[in-house]
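Here we start with a single chain on its own, the form predicted alone, put down as structure tokens.
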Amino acid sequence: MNNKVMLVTGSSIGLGNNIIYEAAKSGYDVIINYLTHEKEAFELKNKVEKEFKIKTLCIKCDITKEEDIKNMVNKIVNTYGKIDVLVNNASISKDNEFNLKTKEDFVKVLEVNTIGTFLISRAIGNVMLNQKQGKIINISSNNAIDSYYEYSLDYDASKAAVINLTHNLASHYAPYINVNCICPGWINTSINNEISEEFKKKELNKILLRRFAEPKEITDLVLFLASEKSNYINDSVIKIDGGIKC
């Protein structure tokens, strides 16, 4: 079977892990990218291979390093001969009080979330351009649109830049590659375990649906944008946050 091939950056844990699982379930051959969570990455690889009988690669790659990206892209192309879908999911945050934020932390957040997204999109976008087909899906955040937090202003700025990058990539790769951007709000993932119940309640009251998203609700949108059903959707920014009322 000539399955479509999807790479999801930062996919060993969290939302990326869910995207890989649901993509494999839908018949994609998947590439799991990780940097630090090796154990979780290979557990996911074994799980989807066993359950869905698809072809999987598990690749350690720092998306801020061009040599790492080059090696990953070469391995994918040598294995599958193509890349159909790139999901730019990898990101970091370094939340802190305004006056305690450092230049080094701010630069690191921009380097991973914005520059890393650019570097890997360029490397894989050029492969897709040679194929004359492909889908790039950027994961930004509603923090980039209308939910601002002083503690995460560096993260917010980096994700706003991803939206701008989406527009420029769509223009550059037209008419062969669809480039779209998803802006999720709060998602029910393990990261929420670190948040106080008081803060959660405050955030829930801002959401018209009065709940956080389930990971699959975000993943379903990713898979829709990756599918042929979305072939006429391009250069779009889609907010999926249950309706935020700030």
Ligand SMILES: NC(=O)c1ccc[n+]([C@@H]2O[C@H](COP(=O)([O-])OP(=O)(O)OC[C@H]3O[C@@H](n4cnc5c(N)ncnc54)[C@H](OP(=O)(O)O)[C@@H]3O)[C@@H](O)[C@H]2O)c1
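Just so you know, these numbers come straight off a predicted model, no measurement behind them. Numbering starts at 1 and runs along the sequence shown.
The same protein also exists as the form predicted in complex with the named molecule; that form is not shown, yet it is the one meant from here on.
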Legend entry - Stretch from 55 to 63, 42 to 50, 196 to 204, 173 to 181 whose residues place a heavy atom within 4.5 Å of the named molecule in the predicted complex: 55 to 63
Inset, instruction - Give a yes or no for Ile76: in the predicted complex, does one of its heavy atoms lie within 4.5 Å of a heavy atom belonging to the named molecule? - result: no
Inset, instruction - Please check if Ser141 has a heavy atom lying within 4.5 Å of any heavy atom of the named molecule in the predicted complex. - result: yes
Inset, instruction - Flag Ile238 as yes or no: does it have a non-hydrogen atom within 4.5 angstroms of any non-hydrogen atom of the named molecule in the predicted complex? - result: no
Legend entry - Distance check, Ile83 to the named molecule in the predicted complex, heavy atom within 4.5 Å: no
Inset, instruction - Please pick, from Ile115, Ala160, Ala123, Ile92, the one residue with any non-hydrogen atom lying within 4.5 angstroms of the named molecule in the predicted complex. - result: Ile92
Legend entry - Residues of stretch 26 to 44 in contact with the named molecule in the predicted complex (4.5 Å, non-hydrogen atom): Asn33, Tyr34, Leu35, Thr36, His37
